[in-house]
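Let's start with one chain on its own, the form predicted on its own, as structure tokens.
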């Protein structure tokens, strides 16, 4: 029986003991061990966590178990809320004996930069928007508190900023602690180095290269698909680092379970930590990215032109960068003082044509065709009505908008009069419904085929 508790620390201790009895020790250590009991407001506990991403993840995945752990503590059912900004305490360093020699070593190490990383790919240069806020927060926390989110798996389409985030972690880790051994590598480079090590009979050197480190950052792990021997090597490398609590961060264009040809044991490893999506930025974020990009150039474009680019190009940050560079290069080469929107449209016509071609499927067309298929009105999809015959088609339309267009969660949410979280829920829920309901699976498949054809 629980003893009488009078303060937030004691109440949380009871809840924590209950949690440890219900979940695996690894899960507890990763998600609950570093929670800080902050305050008690009547029957509500304020719990300190590292950041908003951590808080949202706990709410989405452990809300029920948290609520249960806080029930009936000496006759009181407590609720909870989170407060960000409480990083876990770092282990105290051992006393330094040779201060002079070590200080010289530190000065030398401070000049070391992470290999294979662009100097401009830092957290300071990463524009944070609604579409990438969680991924940014998780990456930043992983850089600050290595091993807390392990592995961290960031997925999303081409040109959304995944590589930028990976390399930002590398820069931040080395700048914060010059002795940190960071390895950033693409999956293709991992493959090439592995093959070379076999050919040159230097496999032990390769293993040292990818395992004798503190942080491993691997880009495009979907390229492991259908490469059996490489997957075996990656699996062993992953386990070696994970068991030492070394930070692992991976990126891909798909969720682990969506990578065809990836062994189930790797899927399981990749899903065992934190997976977060980074989606195509919305208009406001695209405009902010363009404004930041042009700070690197001597030629400055009028903000009206930047808004035109941001409004016209949705598909990727790389295309935004390409459009900006093309206009800046033209203005510089031709010594043009100002470029107006009409000139920009002319100079970017081919790029804009390609962009238009990629956006043939519109949100409006998806709403219309889904409504026709389920024999309801578009107004029903956009309404607050919640009966099953309207709620499920609405989720199907949201799901297809996310899958078949380059629009971000907030942009799709705006088109449906909802917030981005509702679209994210539909994106997760429809595949689950399809796996259980054959009629739903067939309907979604037929609709998707209709748009693609």
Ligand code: ADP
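All values reported here derive from a predicted model rather than from experimental measurement. Numbering follows the first chain given and starts at 1.
Although it is not shown, the form predicted in complex with adenosine-5'-diphosphate (ADP) is what the next lines describe.
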Within 4.5 Å of adenosine-5'-diphosphate (ADP) in the model of the complex, heavy atom basis, the matching stretch of 337-345, 288-296, 206-214, 68-76 is 288-296
Check residue 300 for me: does it contact adenosine-5'-diphosphate (ADP) in the model of the complex (non-hydrogen atoms, 4.5 angstroms)? no
Would residue 121 count as a contact of adenosine-5'-diphosphate (ADP) in the model of the complex, using a 4.5 angstroms cut-off between non-hydrogen atoms? yes
Can residue 127 be called a contact residue for adenosine-5'-diphosphate (ADP) in the model of the complex at 4.5 Å between heavy atoms? yes
Check whether residue 159 has any heavy atom within 4.5 Å of a heavy atom of adenosine-5'-diphosphate (ADP) in the model of the complex, and answer yes or no. yes
What is the one choice in 146, 197, 276, 163 with a heavy atom within 4.5 Å of adenosine-5'-diphosphate (ADP) in the model of the complex? 163
From the list 231, 321, 257, 365, which entry has a heavy atom within 4.5 Å of adenosine-5'-diphosphate (ADP) in the model of the complex? 321
